[in-house]
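Take a look at this one chain, the form predicted on its own, written out in structure tokens.
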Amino acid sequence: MNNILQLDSNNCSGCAVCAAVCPTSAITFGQDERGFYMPFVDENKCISCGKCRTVCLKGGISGRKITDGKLYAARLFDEKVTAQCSSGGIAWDITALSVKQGRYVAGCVYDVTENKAKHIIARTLEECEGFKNSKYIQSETQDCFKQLVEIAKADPSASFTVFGLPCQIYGIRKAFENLPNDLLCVELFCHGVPTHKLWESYLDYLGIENIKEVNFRHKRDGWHQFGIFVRGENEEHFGTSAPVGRDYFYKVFFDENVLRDSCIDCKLRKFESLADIRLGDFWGKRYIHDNKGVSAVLTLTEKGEEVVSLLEGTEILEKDIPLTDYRYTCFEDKKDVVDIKSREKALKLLARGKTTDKVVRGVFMTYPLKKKYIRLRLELKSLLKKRR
């Protein structure tokens, strides 16, 4: 059969665009035994048209170089809105502009009824409220992306703004490649996505019933602090990433060992893009003393430049910043820090339903010296590279 099953499954990003373009709905996405969103193909429905393969990044990536973009530091004028966002809130200003222009806006929300992240389509600012704040788990995109393609085919004049991870943006751009619709793509500087079983085990560990609110980047202790907030019917939890490993979710998440296979050596995360704009926290020495939040805005196309120039609620703090001045883990080669044995053990424990505290005790406290050695080796390698 001529479909995505003929491509390397280890490199599947879980973007689900293949399912969105399948004319017979032969492809569906669901969690595999390790908790990663993967495609399942009904070969009785598959007609071997090969459309799924044309949008898949496993077929080969060709995008713009990240290093060719223009980097800005920016923040919203409205401090109340900035306080609700992960960094400087520029994604919200782009959302407001898109709604004003009458565009369909697709973004990620957290669904408290199913305790998972998913993409939805919105037309009003009220409907977009859930887009605020980062979600450090992978979003379900199949239904949303399928709707986007269907709307675009039905109405060639419809315009769209899509927010997502680099792999999701790559796929949706490829899906719109032969459509006349105006498409603005905004992607995020990406750390990589963990197995969904990490989130499930974390919620089991917390034991909070009837969850009403989840915020993965709460600013109670400031922007530089990764604060995770979960509120239920009668109780709430606030955990932080610092000191390193204090919160069990962040301990496992930042350890890199439970990321998708495709995230470990992702070319889109590090080198290339099909987006107009890439957004993230402006990490590094430049704003180390800023506690409100600053956005890194990387424009990659003329359309991206135009959008930034039209943002009415955004204060541009600095322009034309060298990308080398921006420190972010998306540029790191994660395969150098992943410990294969620990990865296998962690994924097995999570698959067996162990709570996050037990996974940390069973895996991530058994090799601190090895992790320290790996980090020191990488720092030495970087230092020698600079001296050359």
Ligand SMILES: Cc1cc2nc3c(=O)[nH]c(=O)nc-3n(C[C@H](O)[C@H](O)[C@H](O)COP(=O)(O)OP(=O)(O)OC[C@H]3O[C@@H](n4cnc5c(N)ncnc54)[C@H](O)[C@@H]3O)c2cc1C
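Worth saying up front: this structure is predicted, and the values here are computed from it rather than measured. A residue's number is simply how far along the shown sequence it sits, counting from 1.
This next part talks about the form predicted together with this ligand, which is not shown.
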Between the options 173, 197, 135, 260, which residue brings a heavy atom to within 4.5 Å of this ligand in the predicted complex? 135
Heavy atom within 4.5 Å of this ligand in the predicted complex: which of 122, 300, 266, 190 fits that? Just give me the one. 190
Suppose contact means a heavy atom within 4.5 Å; in the predicted complex, does that hold for all of 91, 139 and 217 with this ligand? yes
Residue-level contact is defined here as any heavy atom of the residue lying within 4.5 Å of this ligand in the predicted complex; does residue 304 satisfy this criterion? no
Check whether residue 281 has any heavy atom within 4.5 Å of a heavy atom of this ligand in the predicted complex, and answer yes or no. yes
Taking the shortest heavy atom distance, is residue 131 within 4.5 Å of this ligand in the predicted complex? yes
Would residue 275 show up as a contact with this ligand in the predicted complex if we use heavy atoms at 4.5 Å? no
Any idea which of 81-89, 149-157, 199-207, 176-184 reaches within 4.5 Å of this ligand in the predicted complex, heavy atoms considered? 81-89
Could you run down 146-174 and flag each residue that has a heavy atom within 4.5 Å of this ligand in the predicted complex? 163, 164, 165, 168
